[in-house]
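Next comes just one chain, in structure tokens: the form predicted alone.
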Amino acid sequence: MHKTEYYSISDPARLDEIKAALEGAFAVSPGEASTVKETYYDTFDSALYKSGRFLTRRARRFHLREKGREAASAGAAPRTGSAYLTWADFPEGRLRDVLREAGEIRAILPLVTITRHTRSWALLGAEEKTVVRLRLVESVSGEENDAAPIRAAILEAEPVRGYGAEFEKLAEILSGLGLEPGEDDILSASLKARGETIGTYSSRVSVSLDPGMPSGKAIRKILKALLETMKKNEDGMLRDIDTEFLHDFRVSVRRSRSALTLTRDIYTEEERERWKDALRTLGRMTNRLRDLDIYLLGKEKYAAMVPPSLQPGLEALFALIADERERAFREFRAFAGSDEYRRILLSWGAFLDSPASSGTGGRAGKPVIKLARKRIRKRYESALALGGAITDDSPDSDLHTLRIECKKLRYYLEFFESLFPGDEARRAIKQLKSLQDNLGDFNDLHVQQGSVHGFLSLVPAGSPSERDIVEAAGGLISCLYSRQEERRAEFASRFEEFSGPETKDLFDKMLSGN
């Protein structure tokens, strides 16, 4: 089945020429014309757009429709006037379900408001049946009093099942007129006309490296990409739009610190320590806020662990955690407004823009592929040794140490993914992920028990809910401990899979240079 194709129409006046060419091959039946003013919404990472959907608002009501289709598939009005909506602000129904699935913990943000003019035609074949649907979609954006509003136009060709030959015939006619299908639908075309883009943000490390590139220049490229991700998330983090801005900022900080471990004999020890300390400060100042976010995001999960009799106490405990989170955010925002915070980011950016960030050490000029293979192998072998030494009697700290080593291995694989042919690095990451998930869950459950106990210090002594909160916390800690033990029991099989011959062969092939 063909998908809807989009043709950019720089001059809508060409429509008469296009219709004349089509009338030579099809009967053309005009359809309805419409004009609507609507605002497009999506998450910061374009989750809806990437899933093939548009979310628009007309007046107060939101509408969801599939890309390439005109009719809305769902609609609803939010139950709140909050500045940043989430799926939870909508009533039960398909729209709410789609929003939750696409971006459960992300805010739904306005992108652009346009006036959309749509004219449609049906191309008819034998027996006057519709074989293709055509739409000319024009958008006008900008303020009403703008002297030169921003315009974009797209011709949408929507296939009809069972008429693939007719759809290909249409494509040939349009190609003869110099029109070729492109990637821009009406939303991306409208944003592009304004100098903006959609669907390009990702928190993943995505850098293209050449195997022969000098190691210093490659590390610099990785670090600059990570700083760019930090910058993209800074505004949303400081405005507290949703918790993922802080999370992505922190992950980029952690990855940057990990990348600095690759700069021995590329940067001077003074440079390495200076920047590691600076980035450590950014991580430390966001730790408390992120920890509280994790508990609040997991509220439903924690509530499902304990019996109904403990629910009131748990609800009261989470109210105290929410209050503590507000205090933590105020403290973080104060730090973010400080000279220290600005100095760290500005000096780090200035360093990465300078020639010095390509390194002056003996390894700076050596091919990055050699550095990548050596460091990945070292981390892989270290993970095997650490994991192989863990027994049923090993302390929890041994699993924590292995978790950190696996995380560093994961970062190295992500940094250097583009250096390896095919999907070798991606497959290695997939093999590692199962073990990482087990170790991450185990560590989280261990830490959460201590944190829940620590939250009891927030309970005012002698308060009416003190007893209920203490009982709920005790019940939750017991459940967390039980789940931690389950993860511990799963570790051996997860590690056996990771350390097995399939993974070994994959790493050997990837790192051998053959």
Partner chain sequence: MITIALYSMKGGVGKTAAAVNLAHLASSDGFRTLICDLDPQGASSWYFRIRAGKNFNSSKFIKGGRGIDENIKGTDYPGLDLLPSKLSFRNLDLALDDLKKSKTRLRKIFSEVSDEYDYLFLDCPPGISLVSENVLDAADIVLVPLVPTPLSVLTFEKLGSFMDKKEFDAAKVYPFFSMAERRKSLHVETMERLSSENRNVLASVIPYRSEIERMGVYREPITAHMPGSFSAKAYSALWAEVKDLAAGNVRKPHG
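Residue numbers count along the first chain shown, from 1. Just so it is clear, the structure is predicted and the values come from calculations on it, not from any experiment. For the two forms, the rigid core is made up of the largest set of C-alpha atoms that agree within 1.5 Å on superposition.
Form predicted together with its partner chain: not shown, discussed below.
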In contact with its partner chain in the predicted complex (heavy atoms, 4.5 Å), from 365-373, 277-285, 158-166, 78-86, is stretch 158-166
Contact with its partner chain in the predicted complex, heavy atom within 4.5 Å, among Glu92, Glu128, Glu326, Asp392 goes to Glu128
Heavy atom within 4.5 Å of its partner chain in the predicted complex, from candidates Arg133, Arg410, Arg250, Arg379, belongs to Arg133
Exercise for review: Once the core is aligned, please say if the CA of Leu124 is shifted by at least 2 angstroms between this form and the one not shown.
Suggested key: yes
